[in-house]
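Presented as structure tokens, the chain that follows is alone, the form predicted alone.
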Amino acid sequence: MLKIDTQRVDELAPNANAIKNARKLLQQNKFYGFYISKDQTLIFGECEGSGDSVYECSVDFINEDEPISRCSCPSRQFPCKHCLGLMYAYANLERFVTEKIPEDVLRKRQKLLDRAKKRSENLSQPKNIDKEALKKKVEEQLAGLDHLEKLMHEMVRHGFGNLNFDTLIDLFNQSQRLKEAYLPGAHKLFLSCLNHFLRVDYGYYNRNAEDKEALYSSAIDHLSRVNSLIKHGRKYLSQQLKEPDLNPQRDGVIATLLGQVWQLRDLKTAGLIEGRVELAQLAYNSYPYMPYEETIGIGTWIHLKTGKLYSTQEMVPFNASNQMKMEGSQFQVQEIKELFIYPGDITPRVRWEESKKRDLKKKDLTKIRKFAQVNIVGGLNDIKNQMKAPLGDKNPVVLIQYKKIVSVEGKPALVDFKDQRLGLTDACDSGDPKTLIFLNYLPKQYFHNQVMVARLHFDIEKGSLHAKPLSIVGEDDIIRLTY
């Protein structure tokens, strides 16, 4: 029997209004009939629309973990309120009559199978390189790096203490050229530097002297990162001009930072793929990125066999937030057929096409806890050195086992079983919401002998390493501190 409960339907809904409107359709008896296929992979029906219109809606569970909603209504939300209402009806045990699968659904299923087959074939075929087009693109990227260097020099020439609103806006506007030069990654890196001064939520001039000093130090670090990217980016792109067939994986991190758009075929060709993987999500957070007018969602995942940590990334434009639903927090284990791994250092980004879900079990939590670092100083030393590198991952995620959480001069810190301490912080460049406040509401057992999922932050001003709590992996559950 097909398993759909109201919680599952809530998770599939694009927003709260869609849930409200879908339930309202049922309350007002707007559906003319409910039907289900004999193999219980499809539910479908007809719903009264505006005026004399009648909408045909269906939800296809041929892949139960990734249902496909279809409706003849003009809504751009997926699922629309009609398909949601159909699922709520099933969850509420409404009577569904067994009927044949409609022909149009069968045709659409076949198209999906054909596309999946073609995509699989394309992944296996070598990529044809248009050398003339590549040459033109690389030349534009090199010119873009020249432009970025000029912007950086202009920023330094003004002096951080003299940067005013008009100057920052001018630099921001000039940086838009980087997107046209196929350098979206370099563009975002430069914007992150500007955003130390130009912020929407609070102004530069409202900062106290201590905040300003920390701001200058962080901005200098970002400029050093931009400078390093220019240097290594030129070297990589110049080499690509000489060798059009150059595998981007050879300098994968540089290519990614420049803004390389990795196709799955590229990752597969480079051997950045692993089959039959189980991943469990440890944390998730989303935040608005104002310069690009988009919401970014970051998921942190762990490989249940190796303990390797990975990240996933979603980007939804503000103007599409009502139509595009972010995956958000995932509480089930993903059983993945093929895991594609983007070039990266400590917490590389991953992606997958096909997966099934299963419940997270206690034995999974036991396994996760065993992967945690038990020595704060020794275990994190190598990671700290990578973070200090100009182009290293500035905010990697780690698993840390701690003996207790204590307060040192009014500030929380982790203590390991060798009595070494690691300060906790809310500071982070990635956009995570503040989490320290939630520690006050944790049950007492989570303050002793637990495992924390934390995003590391190197305080340049003080030369010390800190950790930002994301979640706590207990023996029976995962307490999430971000959203």
Partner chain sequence: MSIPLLDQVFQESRRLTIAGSRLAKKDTRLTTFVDPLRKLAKKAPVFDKIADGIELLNETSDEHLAQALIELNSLIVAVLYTQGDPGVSGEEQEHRYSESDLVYSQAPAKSLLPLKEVLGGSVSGKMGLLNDAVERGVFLDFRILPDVFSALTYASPVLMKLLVEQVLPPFGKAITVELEELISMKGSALDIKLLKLLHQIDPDGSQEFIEAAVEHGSKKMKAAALALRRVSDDLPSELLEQTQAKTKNVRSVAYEKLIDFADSEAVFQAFKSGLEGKDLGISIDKIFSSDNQDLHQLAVEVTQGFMESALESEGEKEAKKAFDKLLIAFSWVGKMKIKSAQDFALIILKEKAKLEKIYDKCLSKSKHYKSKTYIVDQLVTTLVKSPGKKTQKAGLDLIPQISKECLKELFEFSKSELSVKVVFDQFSGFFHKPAGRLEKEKYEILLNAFVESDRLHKWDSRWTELALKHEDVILVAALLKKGKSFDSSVELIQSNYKSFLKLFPVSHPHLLLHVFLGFLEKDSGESILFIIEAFNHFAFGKNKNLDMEIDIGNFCYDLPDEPRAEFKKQLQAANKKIRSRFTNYGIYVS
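Note that this is a predicted model, so its numbers are computed, not measured. Numbering follows the first chain given and starts at 1. Heads up, when I say rigid core I mean the largest set of C-alphas that superpose within 1.5 Å between the two forms.
Omitted here: the form predicted together with the partner chain. The next part is about that form.
Heavy atoms within 4.5 Å of the partner chain in the model of the complex map, among the stretches 376-384, 235-243, 341-349, 95-103, onto 376-384 alone.
The closest non-hydrogen atom of F318 lies beyond 4.5 Å of the partner chain in the model of the complex.
Looking at L481, you'd find a heavy atom of it within 4.5 angstroms of the partner chain in the model of the complex. Under a 4.5 angstroms non-hydrogen atom cutoff, the partner chain in the model of the complex has V415 among its neighbouring residues. Within this chain, P469 is remote from the site of the partner chain in the model of the complex, having no heavy atom within 4.5 Å. A single residue from the set W262, Y289, Y90, Y216 has any heavy atom within 4.5 angstroms of the partner chain in the model of the complex; that residue is Y216. Of the residues given (L422, C47, M452, V59), L422 alone sits with a heavy atom within 4.5 Å of the partner chain in the model of the complex. Within 4.5 Å of the partner chain in the model of the complex, a heavy atom is found for every one of H153, Y441 and I460. In the model of the complex, the residues of 392-409 lying within 4.5 Å of the partner chain by at least one heavy atom are, in order, K394, K404, I405, V406, S407, V408, E409. The rigid-core alignment places the CA of N92 2 Å or more apart between the shown form and the other one.
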